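Next up is one chain by itself, shown in structure tokens, the form predicted alone.
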Amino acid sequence: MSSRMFVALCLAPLLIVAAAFFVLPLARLVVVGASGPDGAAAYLAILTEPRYRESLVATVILAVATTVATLITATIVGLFVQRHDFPGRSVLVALLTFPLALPGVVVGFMIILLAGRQGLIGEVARALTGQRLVFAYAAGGLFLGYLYFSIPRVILTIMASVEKLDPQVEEAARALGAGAWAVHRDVILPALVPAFIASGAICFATAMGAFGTAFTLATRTDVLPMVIYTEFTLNANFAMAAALSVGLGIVTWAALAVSRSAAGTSVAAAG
């Protein structure tokens, strides 16, 4: 058997799986998106129709806010946990990563129990001010839910990246007179930029496409995954649902592509 034939046989299962579970469904989605009364113009509806455009903007803003807040929180916590050894450290790491085991619907239900009409925050606010504070069903609830399941993913990435940092570089900076803040600002954080970009992109993509949490909480805020769900379930508008799905995929893919390029550039510059 020739080496070329051997390579072809090894790649055949990969090509079959990729065609069956990626290429064909995606191609079908694109075709269905252009099969409605508006044809291929349906793909522009995400920008021209006010409802779809507003839902896209709200989704992007929510995803960006979640990404920024997650990176800040996970960096502080990840640096501390990775650099300090204390009793209960392993238990704390387990608790921080526990949300990875919970589906989005459960996360949404937890936010309702915390900030819903009968939630703990509302009860405390009513006892203190006489008015019940409820924000679980608006953008604030979605943001809190997205933050809850995004932080564990980023913390694991940050902790792994911090573990790989060269301590000699930090020792050299301290020997040259740099203080603790200067070492973090000029040595540690720049070295973590590729991890920030990679984990931030995953966080953004996850928040853009999150459905379970949005399904549970998004009663006052339209996010694109819920609009897509409404189009093909309540309105039976499969063409528009497919077109919106393609638009959502393009935005998310573009963010991942840009982050991949930026992370590669950061690595090259660091080297």
Partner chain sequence: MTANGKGVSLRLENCAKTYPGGIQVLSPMTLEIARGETVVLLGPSGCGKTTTLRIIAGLIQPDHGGRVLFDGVDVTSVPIEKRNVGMVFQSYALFPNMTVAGNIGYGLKIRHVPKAERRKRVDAMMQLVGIDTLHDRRVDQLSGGQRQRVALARAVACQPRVLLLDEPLTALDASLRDRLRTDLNQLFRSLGITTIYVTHDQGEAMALGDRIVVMTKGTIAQVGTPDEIYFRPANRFVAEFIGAANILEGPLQSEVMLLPGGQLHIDGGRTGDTAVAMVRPEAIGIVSPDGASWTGRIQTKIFLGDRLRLTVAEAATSAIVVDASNRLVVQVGDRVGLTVPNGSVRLLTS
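Since the model is a prediction, treat every value here as computed from it, not as a measurement. Residue numbers count along the first chain shown, from 1.
Although not depicted, the form predicted together with its partner chain is the subject of the following passage.
- Relative to its partner chain in the predicted complex, residues 171, 182 and 190 are all within 4.5 Å by at least one heavy atom.
- Using a 4.5 angstroms threshold between heavy atoms, residue 176 counts as touching its partner chain in the predicted complex.
- With a 4.5 Å cutoff on heavy atoms, residue 186 counts as touching its partner chain in the predicted complex.
- Interface residue remark: residue 166 is counted as part of the site for its partner chain in the predicted complex, having a heavy atom within 4.5 Å.
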